[in-house]
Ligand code: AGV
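Just the one chain here, laid out as structure tokens, in the form predicted on its own.
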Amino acid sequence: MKNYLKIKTPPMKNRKRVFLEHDGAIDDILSQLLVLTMEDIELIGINVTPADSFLEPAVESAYKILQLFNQTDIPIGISEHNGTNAFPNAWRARPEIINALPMLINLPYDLDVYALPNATDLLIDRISAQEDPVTILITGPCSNLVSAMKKAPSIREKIKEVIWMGGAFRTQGNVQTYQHDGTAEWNVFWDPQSSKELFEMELPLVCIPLDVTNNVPVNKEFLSTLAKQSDYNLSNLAGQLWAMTIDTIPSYHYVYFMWDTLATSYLTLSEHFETEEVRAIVHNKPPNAGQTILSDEGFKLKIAKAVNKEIFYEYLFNQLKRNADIPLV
């Protein structure tokens, strides 16, 4: 039996243009899936950075998710940034498992990863080509955007908003590693110098930090509720992806939260977030490299402080009550 996603989309001219920067982890792939269910969003490009993933399997995952929505015309760029502080290899290997899931393993895949466009160049080209300003959603490090701004400063006028899952402003960070005091969030810590420079650029930046994502864990109650709608194959796939995080629940170091998924929901649920305009800096040297620090001498940005969790979860469940747009193998 063929399954189809039936979505009524508004006219193209009325849809918000979004460029997605992600780093291939489970929550990044879930974020990409969620963006593609949003009726009012036109996804104009995706960059994959090998931060919380190895590049080749992460690109494969990104491309296969596009296949599920029959949107393989959306270009994918690859980042050449390596970061200063690498994610653990055990985390980076997870996309290999993603591509082996039943809904994805048999989808055709023949991309030459290294023939894909450079991430910085793709970001510049796609932003420059739009008539209206673009929203940039970053669920990994910010390195590509910083490089693009340095190479083509004129794109600033085409950037409507930057939404970044990054930072820990009034709470402890989630970096647990040698020669670090635990104050930083991983996306900032991976490339603290670019993170520092992003703040200094004073783009229209909204950070969705650990301060708010810590309120939306991926727990068994959530997984159980999602499983009740697994007849929808996108719910089934999302449930399998989140189930792959169960080995971090519970953990004395890490609990898996909806870091990137919550940040992604800000695209359409911004009115249900409590935000604050602040000034802040990023420290770029040990032992607190990547720490985001509120300071009157810092740079202007907006941070999320709270979210209506009930509305977020309801929205998430409703968006996943869908079936893939192309026949599944």
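When you see a residue number, it is the position in the sequence shown, counting from 1. Being a predicted model, the structure only gives us computed values, none of them experimental.
Another form exists, predicted together with the named molecule; not displayed. Remarks below refer to it.
When you look in the predicted bound form, the only residue of W242, F87, F222, Y232 with a non-hydrogen atom within 4.5 Å of the named molecule is F87. Distance criterion of 4.5 Å from any heavy atom to the named molecule in the predicted bound form singles out T248 from the list Q176, S128, T248, N214. The three residues E197, A280 and F299 each lack any heavy atom within 4.5 Å of the named molecule in the predicted bound form. The closest non-hydrogen atom of Y109 lies beyond 4.5 Å of the named molecule in the predicted bound form. Although the partner is absent from this view, S143 stays clear of the named molecule in the predicted bound form, with no non-hydrogen atom inside 4.5 angstroms. Shown alone here, E185 lies within 4.5 Å of the named molecule in the predicted bound form, counting heavy atoms only.
In the predicted bound form, the named molecule stays beyond 4.5 Å of every heavy atom belonging to F169. Only one segment in the set 259-267, 41-49, 287-295, 57-65 has any non-hydrogen atom within 4.5 angstroms of the named molecule in the predicted bound form, and it is 259-267. Contacts between stretch 150-170 and the named molecule, counted in the predicted bound form as any heavy atom lying within 4.5 Å, involve M165 alone.
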